[in-house]
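Shown below, as C-alpha cells, is a lone chain in the form predicted alone; questions about how it binds or moves come after it.
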Amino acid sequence: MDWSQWQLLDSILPTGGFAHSFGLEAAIQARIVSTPDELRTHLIHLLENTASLLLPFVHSATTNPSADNLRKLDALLDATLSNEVSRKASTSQGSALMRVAASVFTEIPSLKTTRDACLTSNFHFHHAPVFGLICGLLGMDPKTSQRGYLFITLRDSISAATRLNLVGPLGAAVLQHQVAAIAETILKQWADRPVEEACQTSPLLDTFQGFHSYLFSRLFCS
C-alpha cells in the first residue's frame, strides 16, 4: 500500500465516521449490550452483517471505478437499505468521504469530476460504493479494499464503545486485536461476491439502528 491508500484508512480523515455507533448506542440503552463480552459478540455480528451486505458493493466499485457503475450501485444500495437511520448514516458518511477525497487526492481529477456530475443528478453518495470507487482509483486491489472497509467499521464501532464508557482505551485496543482474526475469517467467507448476493445476516442490528432516532438522549447520529 502506498501513502494515499494508508491515508484513506487513517482515522484523521474527516469523513464523519466517529459520529455513528452502528446501532451500539441503542443496543446499550436497550440493555442488549452491557458488558465487554456482549460487546465482542455485537462486534462480530456487526462485521458479519457489514460483510454480507456491503462488501459486494465495495468489491464491485473497486473493480470497476467508473461514474456509471457508481450510479448503478448507489441506486441499488439505496433501494436495499430499508432502514431510514442506516440509510442516512450511509449517505452522510459517503458524501463526506467523496468531498474529502476530491479535495485531498487532487492527483486523481476524476474524483472531482465524478462528484460534480453526481451533485447535479439524483445521487445519494452511499458510503460503501463511494469507498470502493476511491479504493479503485487509488490502485488498491479488491481484497485489500474489502479488508479496509471491515477495518474502519471495526475501528469506528470500538471507538463508539469507548466513548459510551463500555470499555476503556486499553481494553478497546485489546478487543480490536482479538476480533481482527475473526474479521479476517469473515472476510474470506464474504469477499468478492456480486451485488446480487448482498444480504443481511443479523436483522436485529437493523432493528437497533431503526429506533436510534427515538432515544430520549443520544450521543451519536446512528
Partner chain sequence: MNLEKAVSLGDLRIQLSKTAIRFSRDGNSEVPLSIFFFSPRYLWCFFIRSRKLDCNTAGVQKNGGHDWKWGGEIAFWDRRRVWNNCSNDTITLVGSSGTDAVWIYALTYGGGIVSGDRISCEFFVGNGCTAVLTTQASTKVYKSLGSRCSEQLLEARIGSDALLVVIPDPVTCFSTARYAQKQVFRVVADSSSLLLVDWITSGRHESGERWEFQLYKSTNQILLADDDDRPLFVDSVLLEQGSISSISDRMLDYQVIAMVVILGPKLKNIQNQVQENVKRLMSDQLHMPYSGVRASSNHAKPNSSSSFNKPPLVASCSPFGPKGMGVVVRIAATTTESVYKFLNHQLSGMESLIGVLPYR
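Keep in mind that what you see is a predicted model, and the values were worked out from it rather than measured. Residue numbers count along the first chain shown, from 1.
Another form, the form predicted in complex with the partner chain, is not on view; read the next lines as being about it.
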query: Does each of Leu13, Ile108 and Thr153 have at least one heavy atom within 4.5 Å of the partner chain in the predicted bound form?
result: no
- request: Decide whether Arg87 counts as a contact residue for the partner chain in the predicted bound form under a heavy atom distance cut-off of 4.5 Å.
  value: yes
message: Taking the partner chain as it sits in the predicted bound form, is Ser82 in contact with it (heavy atom to heavy atom, 4.5 Å or less)?
response: yes
task: Would you check, heavy atoms only and a 4.5 Å threshold, whether Ala180 touches the partner chain in the predicted bound form?
output: no
query: Is there a non-hydrogen atom of Ala173 within 4.5 angstroms of a non-hydrogen atom of the partner chain in the predicted bound form?
result: no
field: Segment assignment from 108-116, 136-144, 73-81, 89-97: heavy atom within 4.5 Å of the partner chain in the predicted bound form
entry: 73-81
query: Going by the partner chain in the predicted bound form, which residues of 172-198 come within 4.5 Å of it through any heavy atom?
result: Ile182, Thr185, Ile186, Gln189, Trp190, Ala198
